[in-house]
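Following this are structure 1 and structure 2, which are two forms of one protein chain, each written alone as structure tokens.
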Structure 1
């Protein structure tokens, strides 16, 4: 026997049912929000990802040279493909574009808890709208999906941060953009490493100003609501130009939070400038859905990426989006018993006396199947006892019993498998009777 490759899962019917349950929720809620479903190739030119993320990315991709000497890679993410799709038709697509996708993605990394080499992601994006209403729409879509799956304020929160605000603040303190990047990169790590290590890193890049700056950064990180944030920024001694820009930015914050209130998402959202989400391409509001207890793992994350479409060769197009990974989410739901157990069962199971009865029963079964019922029957002849046993285990609601006695009178016996109640009906009335039972 062969094993599956490391980091790739196999979906037996039980797991497949759970996976599809997730997908159904994703799709249902996204459609409810007016997003349209799209899809893109799983295999793309390697260049597409190098363009976005640099040469280093290659070591984390499933890539190879195809028979036409093309360098190709399995998609590690969807955003570059999306940017290409939208970029190519930007002038004719009605804006804003609100699109979603559910698909498998691949990363050649060491598998570990919450991270595999093949995983599914829900991606939701809005392109062509730079206003905060788009950010609000995305955040509330994320909240709504998690809510529909049974998670509450107790289970998760959305940590909302803002790269624009960070850069303005650091600019106000007198740092250039490059320095600000370095500072934010330390900030990103600080959640995982010790305070001493963090301080050492600040020391390294800031020298004499390290202590003072680190304190301010730490303070900003701990702020948890908008008023506090406003007060803090007012009290800081920043240069005038930055201060004005920060004031304008705080207006955006106020607007965004206002929208989130109306969208029913506010109670899930927490101001938390401690997240900056990598450094690659986000430009404005960024957010992550976090479990409140336990693993400290992000369930989902996203933000605004206004420069990316142009960077990938498309037009200037403001954009924002997020992704939900299936691995940590499944884990989270499973621990809370929020996933369905077992598989889809047939609604009706058939019990056959023998070969003569089988020949008659399959005619009725076909009628019922064509009427939309799911009907199972044994493929080889078995004793009644055995058949009743498996009928009981099948999860079906009713059993149709085709024995010699019934057939000789042109009837079939319908047994309710939960109550044990039985009724004899004419075969000609079977479909209508069954309809009445569902």
Structure 2
């Protein structure tokens, strides 16, 4: 027997039903929010990912040279493909673009809990809208997806931060953009390394300014209230130009929080400037959904990436989006018993007396299936006792019983499998009768 490759999963019917339950929730909520579904190739030019993320991304990819001597890679994410698709037709697409996708992605990383080499993601993005209404729409979409899946305010929170505010703050302290990138890179790592290691990294790049700057950064990253944030920035000795820019940015924060309140998402959102997101292309508000208890892991993440479409050869186009991975989310829901157990059950099961009854029953079964009902029947002759036992375990709502006596009268017996109640109906009225039972 062959085994599956490390980091890849097999989906037996039970697991597939759980996966499809997630996909159905993703799709229903996204469509409810006015997003349109799209797809892109699973195999892309390697250069697409290098252009977005740099040469270091190559070691994380399934990449190879194809028979056409092209350097290609299995997609590790969808955002570069989306940027290419929208950039190619930006002049003819109605704006803003609100698109979503549910697809499989691949990363050549060491498999571990919560991270596999093949995984599914929901991606939701808005392109062509620079205002905070787009950020609010995405955050509320994320909240609603998790809420529909059964998670509550006790289970998760959206940690909301802002790379623009960070850059303006560091600019106000006298740091140029390149140095600010280095500082934010350390901040991004700080939750995963010790305080001693964090301080050593600050010392390495800031020298004499390390202690003072680190204290200010630590103070800012612990703020969890918009008013407290405003007071802190007012109290800091920043240059005038940066203060004016920060005042304008705080108005964007006020607007965003107001939108989130109207969209019913504000109670799930926590100001948390410790989130900066590791990907260099984020340009504004960034956010992550985190579990409140248990594993304390990120369930989803995203933010604004206004420069990516132009970077990949398209026009200047504001953009924002987020992704939800299925591996960590499934684990979170499973621990809370929020996933369906077993497979999809038939709505109707058929019990047959013999081959003569089978030939008549399948005519009715075909009518009911074409009417949209899920109907199962035994593919070989079995005794009534075995069939009734199977029917009781099937999860079906009703059983249709075809015996010789019923058929001779042009009738079929309908049994409610929950109550045991039975009724005889004319076969000509079967579809109408069945509709009344569902």
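Numbering follows the first chain given and starts at 1. For the two forms, the rigid core is made up of the largest set of C-alpha atoms that agree within 1.5 Å on superposition. All figures in this text were calculated on a predicted structure; none of them were measured in a lab.
Here the chain appears twice, and structure 2 is the form predicted on its own.
Of residue 364 and residue 331, one falls in each rigid part of the chain as it moves between structures 1 and 2.
Treated as two rigid bodies, the chain shows a rotation of the smaller part against the larger of 8° between structures 1 and 2, based on C-alpha superposition. After superposition on the rigid core, the Cα atom of residue 410 is displaced by 5.6 Å between structures 1 and 2. Relative to the superposed core, residue 358 has its Cα moved 3.7 Å between structures 1 and 2.
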